[in-house]
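Only one chain is included here, represented as structure tokens and corresponding to the form predicted on its own.
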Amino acid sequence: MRAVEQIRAFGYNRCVNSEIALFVFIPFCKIKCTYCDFNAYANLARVMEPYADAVAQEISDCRLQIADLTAKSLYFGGGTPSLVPVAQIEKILRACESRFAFAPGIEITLEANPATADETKLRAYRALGINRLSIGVQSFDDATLRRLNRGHTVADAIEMFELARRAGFDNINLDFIFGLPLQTLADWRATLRRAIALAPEHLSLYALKVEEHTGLEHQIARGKYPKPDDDLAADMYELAEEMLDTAGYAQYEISNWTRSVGVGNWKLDVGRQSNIQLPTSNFQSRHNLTYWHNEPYLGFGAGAHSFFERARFWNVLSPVEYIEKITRGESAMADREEINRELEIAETMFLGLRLNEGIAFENFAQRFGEDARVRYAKEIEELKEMGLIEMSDARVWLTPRGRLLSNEVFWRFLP
């Protein structure tokens, strides 16, 4: 069966023009942040080059039925991809180009941390065709950055943003975390004001989650920092919604905002007057929309995950073991999970509800051949009574309160 027919048979009717997203995981970091539980490693520069060779080989050796698929996005995530030499990023990108057809205007994102790339390097990335930069700022407060072991300063973050602009990047995301140790509402307001003053095209704001076996978990257990305050985090989230709406940013997902279509000149008092012309383009992350629409994607590299042909599968975590397996001509896959229809429907519901637009009933019916309003009549009615969702004839979506209590919504759709 041809790949396009397979995807249609498995119910991926929302996959526009049979497109797929590609993800490349880069596991290297300068230092490990205290809150991070990602598959990321410091002090492994010695294997950067063989790792790039292995990823390029894994892509070239891909045996999945992809002949009729077009890559709509390519995302270099990590870790810290901007730590890697340009030649190694280029090697991986060229392998993707050789193995996959690229859609016109493909979105190619590279994650970057401040103080890991100069203007020359950023210009080189841009020349390769990388057209979206995602900078991990996390906070515009130096004391907070030191507590997180971020390895950069506020000045470093602002400098990287300005260097990226000079290098030609006109689609930049800034990442932030709120609810951090000892962070006050005033601290968060100050961070938001500085972020808005820079006028990035996209902002991602995530509530802190203390992960097991991280440095931060141990610090909290020892009493160095208090446990996160959920009420304060909720206040921070609502403050962000208010400030970003006033500044001309549109929220399109629980944690993501983009410049509104059609926004013109605006001023904001940030200690100095700013007259900033906002473009009328839509800067939503096309790559991340793939995840929220529960559409197919392929991941390459150590620990990278894929979702394809109704299965989820992922690679071994260790970069060294990954390199060894690929070099020996073996599969780097660690495990595989078959996704049955019930789980796929459930995941499509709660992932789609992360989006402000919610779930369109027509799209759900086209994909699964049934009416979500009938299948989830009980759950929808209960959630409406709780004030967590709203519904029209065409779709269902989270209320502002529902976004704050989203887990209360999502678990109800699990099979």
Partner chain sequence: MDQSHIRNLCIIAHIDHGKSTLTDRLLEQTGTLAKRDMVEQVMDQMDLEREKGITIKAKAVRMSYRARDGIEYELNLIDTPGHVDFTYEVSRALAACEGAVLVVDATQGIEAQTLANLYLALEHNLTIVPVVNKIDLPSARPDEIAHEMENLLAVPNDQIIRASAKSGVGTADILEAIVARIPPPRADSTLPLRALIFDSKYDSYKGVVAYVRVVDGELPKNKKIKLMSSGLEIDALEVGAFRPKMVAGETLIAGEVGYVATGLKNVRDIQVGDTITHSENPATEPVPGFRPAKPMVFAGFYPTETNDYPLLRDALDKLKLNDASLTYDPETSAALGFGFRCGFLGLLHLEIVQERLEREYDLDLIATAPSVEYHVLKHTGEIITVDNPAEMPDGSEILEIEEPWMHIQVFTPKDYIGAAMDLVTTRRGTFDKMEYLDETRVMLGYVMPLSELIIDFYDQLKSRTRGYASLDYSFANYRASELVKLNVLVNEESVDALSMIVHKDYAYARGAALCKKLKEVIPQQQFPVPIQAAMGGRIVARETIRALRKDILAKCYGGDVTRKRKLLEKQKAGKKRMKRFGSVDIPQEAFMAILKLDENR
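Residue numbers count along the first chain shown, from 1. In this text the structure is predicted, and so the values were computed from the model without any measurement.
A second form of this protein, the form predicted together with its partner chain, is not displayed here; the remarks below concern that form.
Do R367 and its partner chain come within 4.5 Å of each other in the predicted bound form, heavy atoms counted? Residue-level check for R367: no, no contact with its partner chain.
Hey, in the predicted bound form, is D175 touching its partner chain, heavy atoms inside 4.5 Å? Yes, D175 sits close enough to its partner chain in the predicted bound form that at least one of its heavy atoms falls within 4.5 Å.
Using a 4.5 angstroms cut-off on non-hydrogen atoms, would Y291 count as touching its partner chain in the predicted bound form? Looking in the predicted bound form, residue contacts with its partner chain include Y291, since a heavy atom lies within 4.5 Å.
Using the partner position in the predicted bound form, report whether E97 sits within 4.5 Å of its partner chain, counting heavy atoms only. Although its partner chain is absent here, E97 would stay clear of it in the predicted bound form, with no heavy atoms inside 4.5 Å.
Which residue among Y376, F361, F38, F28 has a heavy atom within 4.5 angstroms of its partner chain in the predicted bound form? That would be F38.
Just one of G77, G248, P181, G151 has a heavy atom within 4.5 angstroms of its partner chain in the predicted bound form, so which one? Flagged contact: G77.
Out of 223 to 231, 318 to 326, 86 to 94, 142 to 150, where are the residues with a heavy atom within 4.5 Å of its partner chain in the predicted bound form? That would be stretch 223 to 231.
Tell me whether F23, I339 and P415, taken together, all sit within 4.5 Å of its partner chain in the predicted bound form, counting heavy atoms only. Every residue of the candidate spot has a heavy atom within 4.5 Å of its partner chain in the predicted bound form.
Going by its partner chain in the predicted bound form, which residues of 400 to 415 come within 4.5 Å of it through any heavy atom? Result: R401, R403, L404, L405, S406, N407, E408, F410, W411, L414, P415.
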